[in-house]
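Taking the form predicted on its own, here's one chain by itself in C-alpha cells.
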C-alpha cells in the first residue's frame, strides 16, 4: 500500500512534467532541453514571491505565489520562443543547442544569486493522514488530485476548445493546418506556454517536498525525456502511462533494494524499450 500511494504521488508529478515535454514535441517537432529549467524556475519563483514579495504571509500568500510563479514561467517560455526559437524553429539541432545553453545560463545565474544550497517554501497543508494503515503527509496526498485535475483540464481544453483543436490540427499536419488558416507559429507559442505552465505547476507542488537547487533541472529533464521515450514520443496518453510505470518501478525497487537500484532498474526498462519497441508503448502520435 505504501508503494502504491508513493508511486501515485511521484507519478503524478512525473506526468505533469513529461506531458508538457511531449506536447511541444508533438506540435513543433522540437526537443526543448530547457524544459527541466522551467520546472526548476517554478519552484524558485514560488520561493522568491513568497519570501520577498508577499513576506511569508501565510496560506493566501503561498497560493498567490503559486499562481504568480506559474504565470512567470509561462512568460519566460514565451520570451525564449520569440527571442531565440522562432528564428530557426525548423532546425532541431539549433533549438536543442539554444535551449541547452539557456538552461546552463539559468543554472549559473541561480548559483550566483542563491548559491548552491537548497531552497523551499512551507507546505500548503500540514499534518498527515492514515490511508489503509499507511501514514502519509497531507502535502503528498495533494499531489495526485491536483495533477489529475490539471491533466484532465488539458484534455478537455484540447478536445473541446477551438484553440485546443488548432493545437491538435498542427500536431497532425502542419501543412494541412496552414491550408485551413491556422498559423502554426502562434499555435506553437501557445503550446510552449501551456507546457511551461504544467512544468511550473509541478515545480510549485514539490517546492515544499524536496530540496531545490540550481542543478535540479537536469534530473527532471532526463525524467521527462525518459518518460517520453517509454511512452512514445508524440503520445500524451503514453506519457501519462509511462510516468506512473516508471514511478512504481522506482518506488518498488527502492523499497526492496536501495535508491541507487531504483534509478538503475528504470534505466534498464528504458534500454529494453529502445531495443524491443523503439516507438514506445503507444507508438501512434496522439494529442
Partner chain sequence: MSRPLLIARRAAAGLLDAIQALSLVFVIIVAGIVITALTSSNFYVLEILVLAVIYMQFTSSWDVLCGYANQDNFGIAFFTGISGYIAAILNKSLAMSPWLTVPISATAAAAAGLVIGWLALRLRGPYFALLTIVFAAVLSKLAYIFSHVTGGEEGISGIASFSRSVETDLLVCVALLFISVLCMTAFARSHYGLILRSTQHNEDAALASGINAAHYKVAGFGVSAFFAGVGGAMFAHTHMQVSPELMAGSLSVLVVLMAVAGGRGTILGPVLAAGALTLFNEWLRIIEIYRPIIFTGTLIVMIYIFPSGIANASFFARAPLLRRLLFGREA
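It should be emphasised that the depicted structure is a prediction, and the values quoted were computed from it without experimental measurement. Numbering follows the first chain given and starts at 1.
This next part talks about the form predicted together with its partner chain, which is not shown.
**Q** Please pick, from 104, 158, 142, 137, the one residue with any non-hydrogen atom lying within 4.5 angstroms of its partner chain in the predicted complex.
**A** Flagged contact: 104.
**Q** If you check 229, 41, 62, 48 against its partner chain in the predicted complex, which one has a heavy atom within 4.5 Å?
**A** Here the answer is residue option 229.
**Q** Can you tell me if residue 92 lies within 4.5 angstroms of its partner chain in the predicted complex, counting non-hydrogen atoms only?
**A** Answer yes; at least one heavy atom of residue 92 falls within 4.5 Å of its partner chain in the predicted complex.
**Q** Hey, in the predicted complex, does residue 98 get a heavy atom within 4.5 angstroms of its partner chain?
**A** Residue 98 belongs to the contact set for its partner chain.
**Q** Would you check, heavy atoms only and a 4.5 Å threshold, whether residue 88 touches its partner chain in the predicted complex?
**A** The answer is yes: residue 88 has a heavy atom within 4.5 Å of its partner chain.
**Q** Residue 150 near its partner chain in the predicted complex, any heavy atom under 4.5 Å?
**A** Looking in the predicted complex, residue contacts with its partner chain do not include residue 150, since no heavy atom lies within 4.5 Å.
**Q** Using a 4.5 Å heavy atom cut-off, which of 189-197, 206-214, 76-84, 167-175 contacts its partner chain in the predicted complex?
**A** Careful reading of the contacts points to 76-84.
**Q** Within 216-248, which residues have a heavy atom closer than or equal to 4.5 Å from its partner chain in the predicted complex?
**A** Contacts from 216-248: 222, 225, 226, 229, 233.
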